[in-house]
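We begin with a single chain expressed as structure tokens, specifically the form predicted on its own.
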């Protein structure tokens, strides 16, 4: 059963999906971490692979950038492919000088000025929680594997090059550890469709110190986050 944006058959998609933004990161994860992986979607270049991690079936499906893009793919996966859980594995910019590059953030709540939830379901809200059971499980796996985590809110923006966002206000008043562009729509879809969603982020740049990683590093070097997500599906 295909949708307007996904060509896969229902049996090609696992009920658990890891969702990076970058299609090439999805390809890298499939090639380096999965066995018997198969390319199951190429529509619009949004690559998806299904394979096995330590015997557990999993799909890695790219989301693209922004609430609109992840909103489409996560909705169709939840609604039409019987996906139960989606774990976003992405990058973010940190809002405090002490949060180093490659630090890992597990998102408790996504704060956004987006109207996505309002248009989706008529909810006039600016915070949406991750799924508690799934996030708590990831937190426990991180503890068991001695993986350090920051846990807190994230600011999900619709405008990458905003000139109006106040970092200090977002950090101190809204409790946001950093910023990214996809978690709000993912959490909204999960809430609407009674599914589970979590978000693990690797710090790719620090907006206070101006440190940043390269595009190649963002594609290939977020291995701790990827391993945490994969261990969390077992």
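Residue numbers count along the first chain shown, from 1. Here the structure is a predicted model, which is why all the values come from computation and not from measurement.
There is another form of the same protein, the form predicted together with a small molecule; it is not shown, and what comes next is about it.
Segments offered: 49 to 57, 201 to 209, 25 to 33, 168 to 176. Contacting the small molecule in the predicted bound form at heavy atom distances within 4.5 Å is 201 to 209. Note on the partner interface in the predicted bound form: the residue among 103, 153, 157, 131 having a heavy atom within 4.5 angstroms of the small molecule is 157. Although the partner is absent here, residue 87 sits far enough away that none of its heavy atoms falls within 4.5 Å of the small molecule in the predicted bound form. Contact annotation for residue 92: at least one heavy atom lies within 4.5 Å of the small molecule in the predicted bound form. Proximity of residue 181 to the small molecule in the predicted bound form falls within the 4.5 Å heavy atom cutoff.
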